[in-house]
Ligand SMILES: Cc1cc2nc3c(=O)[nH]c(=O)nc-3n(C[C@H](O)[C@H](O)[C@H](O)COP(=O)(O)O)c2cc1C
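Below, in structure tokens: the form predicted on its own, a single chain.
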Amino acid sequence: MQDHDNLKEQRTAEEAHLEGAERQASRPVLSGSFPPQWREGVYQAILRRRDVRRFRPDPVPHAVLARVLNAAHHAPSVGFMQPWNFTLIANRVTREKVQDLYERERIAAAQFFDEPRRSQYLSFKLAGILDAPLNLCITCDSTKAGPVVLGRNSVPETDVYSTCCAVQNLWLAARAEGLGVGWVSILKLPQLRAILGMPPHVVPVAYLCLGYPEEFLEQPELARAGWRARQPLADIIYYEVWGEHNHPDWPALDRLARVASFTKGASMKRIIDVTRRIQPLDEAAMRLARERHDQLTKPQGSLGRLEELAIKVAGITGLARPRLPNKAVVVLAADHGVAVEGVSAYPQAVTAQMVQNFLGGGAAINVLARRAGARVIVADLGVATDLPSHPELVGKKIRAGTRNLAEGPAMTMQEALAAITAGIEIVEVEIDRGLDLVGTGDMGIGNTTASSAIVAAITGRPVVEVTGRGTGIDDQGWQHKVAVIERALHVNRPDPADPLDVLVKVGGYEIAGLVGVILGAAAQRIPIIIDGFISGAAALVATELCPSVRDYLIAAHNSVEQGHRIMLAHMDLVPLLNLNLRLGEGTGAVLAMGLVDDAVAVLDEMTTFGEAGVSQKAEAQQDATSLHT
């Protein structure tokens, strides 16, 4: 009961914070707080700051440079000591000396890495000393404020710490001005002091390259190269004492950080309400299911993943012996503006034609769903043409297809929220009809292009690694498709820390709708079988929005689309099947329904050793021993 009460208190605290985030956009600005536009600017500078290595030769205007230096000079410092100085270096000869020092140290540092990491390290461009029009050395002089500084006696290093604040101020101000900054740390300080004529007590804290960049990367360069990823916020927050990641008096602040950035207005309220109803798996039901499995007439663990699957379903449903008689696959259809770029082997008209085929019961999803005992729900989220009315067609059209993501955002924020809400509404209607297990499906020419862009944006993996051949394009078509996605990411610059921003800029209406289906089903403890690549892209967005939803997902299969494996690994999901499928429609999801059904049937219908009068392993050994005495 204590654990339950603690969880309840934690959820209550978290809900209060969520409600506060939701109200933030509409409440009056408090005294001392910035207007919304100012706040947004501060956070955008922080989140979009990058360590720049490649610069254009354009000079930095003196007025811009003065503003940036003034921002650095307004950094906080302990005891208001202001220990920093800024040394500007434009002279080519001086910079060549620094470049030579850097090259020597770069080669020496390579010896600390083993292959293949050493070769990767040497391949990186880690400095723009000669490329940038200006270098800047920010130093710390601990003598500037005298021998005694208020607040420095206990921690003498606070002079260096204060100087680091000046570095950060300069970096953020530079980003706001469109300037790039690159920190060159592979330098020996005594030699650098000698080159710049600095006295020995002065500490060069940061040697920076400053100028207009060739581009601001969407991901930090080392993250994009797979050298090191940004740690999850949840892993680095401790509550009250070191190492404590969970505390009954604290909400999950990592989740609140995400939700706060998603609060775009009143239309977000429904989605927030749904996400906060998504509970952790029921540990008590899982324990009972596991104990029962261990007593069934078989060696423990001998049914492998079927046992794991049944226990997971028990945790999702809260039932120790779940059964799933009512099944449905939700197939959402929408067109994509990027189809005009020629990224598919089929014309856009196929989307509407296939919707008609679904409604007529003649598509692969219809055949497989009939065999699985699942009803097929077909919804129009954004088909480009007007479809004839049909009693089985759910009309939720947001717009007649998305915009061309290669030229700008695929949709508006309000359209994305409307599509997610539509998905929630669709699955809630099915739950009211009776639903125990739901699969996700899709239809939309061009949707593998949008899905590849989503995966690349969120995971930081190169486009060539996450882009497949979709409906069967040839080598030339694939190369063109990769180029289109790279252009879309360059034009839109989706923020990987904000999954809604990714969805808006490079997503699709059916993908957004499936995000809603996933969230809505998880909120009511319905297991969700994720189909292939497009459904996986929706699941990726959903899990970034609400990490706890991952526990409700069952990956149906491993698609031929190469990005599918990457997205599944990112979500830590292991697929049930590997059949070289690439059709979509939800076909893989309904094929996997049989396995899920089998898993829970074994748990519920098999007899235990006690019920069947069969000796268990230990008992059999004991009986055999008795026979020989």
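Note that residue numbering follows the sequence shown and begins at 1. Whichever C-alpha set is largest while still superposing within 1.5 Å between the two forms counts as the rigid core. The model shown is predicted, which means the values in this text are computed figures rather than measured ones.
Only in words, not in the display: the form predicted together with the named molecule, which the text now covers.
When the named molecule is considered in the predicted complex, R53 lines it closely, a heavy atom lying within 4.5 Å. Within 4.5 Å of some heavy atom of the named molecule in the predicted complex lies at least one heavy atom of R49. Under a 4.5 angstroms non-hydrogen atom cutoff, the named molecule in the predicted complex has P220 among its neighbouring residues. Interface membership of W183, defined by any non-hydrogen atom within 4.5 Å of the named molecule in the predicted complex, is confirmed.
With the partner removed from view, the residue among M81, L126, L172, A374 that has a non-hydrogen atom within 4.5 Å of the named molecule in the predicted complex turns out to be L126. Of the candidate stretches 185-193, 234-242, 384-392, 446-454, only 185-193 has residues whose heavy atoms lie within 4.5 Å of the named molecule in the predicted complex. Relative to the superposed core, R106 undergoes a C-alpha shift of no less than 2 Å between this form and the one not shown. Superposition of the core reveals a Cα shift of 2 Å or more for E221 between this form and the one not shown. A206: CA moves 2 Å or more between this form and the one not shown after rigid-core fitting. Between R230 and D498, the Cα spacing is smaller in the predicted complex than in the shown form, differing by no less than 3 Å. In the predicted complex, the CA atoms of I454 and R49 move apart by 3 angstroms or more relative to this form.
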